[in-house]
Ligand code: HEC
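The chain below stands alone, shown as structure tokens; this is the form predicted on its own.
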Amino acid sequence: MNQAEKEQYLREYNILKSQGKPFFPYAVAKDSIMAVFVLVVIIVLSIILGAELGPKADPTTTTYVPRPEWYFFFLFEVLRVVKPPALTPFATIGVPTIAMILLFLLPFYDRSPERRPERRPIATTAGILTIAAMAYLTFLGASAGSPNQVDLKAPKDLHGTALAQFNAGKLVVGQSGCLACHKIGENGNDGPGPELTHVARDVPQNAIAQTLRNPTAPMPSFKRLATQQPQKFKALVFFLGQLK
């Protein structure tokens, strides 16, 4: 911006300022009325629709799937995408912190007097891409399935019934809360149970089945599953037996 453009801008700004109204009480009154309106809408909706109440909390469960509030779904999806544990601090702390710093520093590095979007292609494009990315990640986070799932692909030599049983066993692992104590591939926790990614290298299927029926504490027993739902138990044993 040269000196002539700057002087023209200041003249136009002074003219518009003289034609305007003071912030108090005009703008304050408008903001107050809008705030009261929003508050009334929230109160009416809470009275008519009520609050969602889930089942009573069970601190002993290992199958509970925590879900964030909807406005954190985009960050929730980032954590699902960034699977290596070493990058988790960057995804949870680094990305939001960098975004907040850039937002706070916006008045310092963006000194352009232009405010029309079509005259600021870089800022407009960056804003649209940011909103689109957050909206897309929010949609994926809202429609994502349970994090208690295993992302391992089936061995290439499995086909037909064996492949179906492998996938069924993988589903049983997620439903049974095994990932709360064990790690399989990139999914699950590092303890207190051992990693099961290659458990079949050292333990045959019959030994896996015996361990599931009579495990060492604090691991829960799968004897009831073997008795009441033998097909699920067989699928679970078959799946673990393919982890080599």
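Keep in mind that what you see is a predicted model, and the values were worked out from it rather than measured. Residues carry their position along the shown sequence, with the first being 1.
Keep in mind that the form predicted together with the ligand is missing from the display, and what follows is about it.
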| item | value |
| --- | --- |
| The ligand in the model of the complex: contacted by all of 193, 212 and 218, heavy atom 4.5 Å | yes |
| Proximity of residue 187 to the ligand in the model of the complex, heavy atoms at 4.5 Å | no |
| Contact of residue 197 with the ligand in the model of the complex (heavy atom, 4.5 Å) | no |
| Contacts with the ligand in the model of the complex - residues in 151 to 181 whose heavy atoms fall within 4.5 Å | 176, 177, 178, 181 |
